[in-house]
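Below you will find one chain, with nothing else, as structure tokens; this is the form predicted on its own, and questions on how it binds or moves follow later.
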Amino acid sequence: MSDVLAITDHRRGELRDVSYEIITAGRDLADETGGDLHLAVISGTVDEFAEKLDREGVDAIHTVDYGEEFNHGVYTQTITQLYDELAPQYVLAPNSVNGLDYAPAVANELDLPIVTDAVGLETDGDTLGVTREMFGGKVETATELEGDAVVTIRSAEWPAAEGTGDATIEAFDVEIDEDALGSTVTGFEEVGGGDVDISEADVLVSVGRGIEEEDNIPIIEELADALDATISSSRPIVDNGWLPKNRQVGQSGKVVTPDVYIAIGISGAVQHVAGMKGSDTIVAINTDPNAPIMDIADYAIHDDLFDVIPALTEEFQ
């Protein structure tokens, strides 16, 4: 029997979606190893977070009430001490900005191997098989790890955990060496066009090269306003400077999981699909019936976007 320790993620008082997805990944792994799933909730309103994270399959939740926002040193010291206390075989972290900050440091401190950006996990005895994607999702690679390991998981690859749990929730008595923290968090500030976080949107209206020119972007904005949606885009739109980088969906942009994703004039290259395939409902509008995006769409409209979008806008207004 081997336990799994999964680290949850939050920002500015809100749990990130990957916190619920990592429960599913951790539970699947714990079922294979015959062990328990432990969650760590570090900093912020930990008691409130713990209640929300008490989903089916979680055995224990360990809270650390230290600071409000992410701090590298606090997370590294806490996870290291939790590992010493719980002796899990696997430590799972989100493949997020925060996770990629502390996970390598934790692996180094514990002298454990680390694999990042996992999209699949499977055990065979004491061997952990980790599936990753390379070359824009065109190639899958398999890595085998023996013994204990640290793994970061890609968001939107596992479904969010559901159901009501009965986990043991307890405060973990961590000993933080403040002299070794190296930094102090004084606040949170968005940078570089951070007016919108498309990864948090419920409805995304996403535009691709089919829009032809920047002067046509306003018709997309009108549809987004009618739907109370957020605008996102494929990479060519950002490369052309028509929308800021924070609006880009895809492997070199952001991974999004909205309730509805409307892809307008987007062909559906693997790099883009990797960033939005976890959407609940995908609507594609394209003049090419053989575009890859049409194959993954729940609803595909084979028509000229310049005819379809005004009609949809009028309908929703």
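Residue positions are given as counts along the sequence shown, with the first one as 1. We call the rigid core whatever largest set of C-alpha positions still superposes within 1.5 Å between the two forms. These numbers come from a predicted model, not from an experiment.
The following text describes the form predicted together with a small molecule, which does not appear among the structures shown.
Among 30, 266, 262, 42, the residue placing a heavy atom within 4.5 Å of the small molecule in the predicted bound form is 266.
With the partner omitted from this view, the residue of 282, 256, 291, 46 that lies near the small molecule in the predicted bound form is 291 [heavy atom within 4.5 Å]. None of 107 to 115, 229 to 237, 153 to 161, 213 to 221 except one has non-hydrogen atoms within 4.5 angstroms of the small molecule in the predicted bound form; the exception is 229 to 237.
For the three marked residues, 2, 35 and 63, no heavy atom of any sits within 4.5 Å of the small molecule in the predicted bound form. Shown alone here, residue 303 lies within 4.5 Å of the small molecule in the predicted bound form, counting heavy atoms only. By the criterion of a heavy atom within 4.5 Å, residue 250 is counted among the residues contacting the small molecule in the predicted bound form. In the predicted bound form, residue 209 approaches the small molecule with a heavy atom inside 4.5 Å. After superposition on the rigid core, the Cα of residue 39 moves by less than 2 Å between this form and the one not shown.
Taking the rigid core as fixed, one finds a CA shift for residue 16 smaller than 2 Å between this form and the one not shown. Put the two forms on the same core and the Cα of residue 239 is off by 2 Å or more between this form and the one not shown.
One change in the predicted bound form concerns residue 271 and residue 154, whose Cα atoms lie at least 3 Å closer than in this form. Between the C-alpha atoms of residue 17 and residue 232, a gap widened by no less than 3 Å is obtained in the predicted bound form, as opposed to the form on display.
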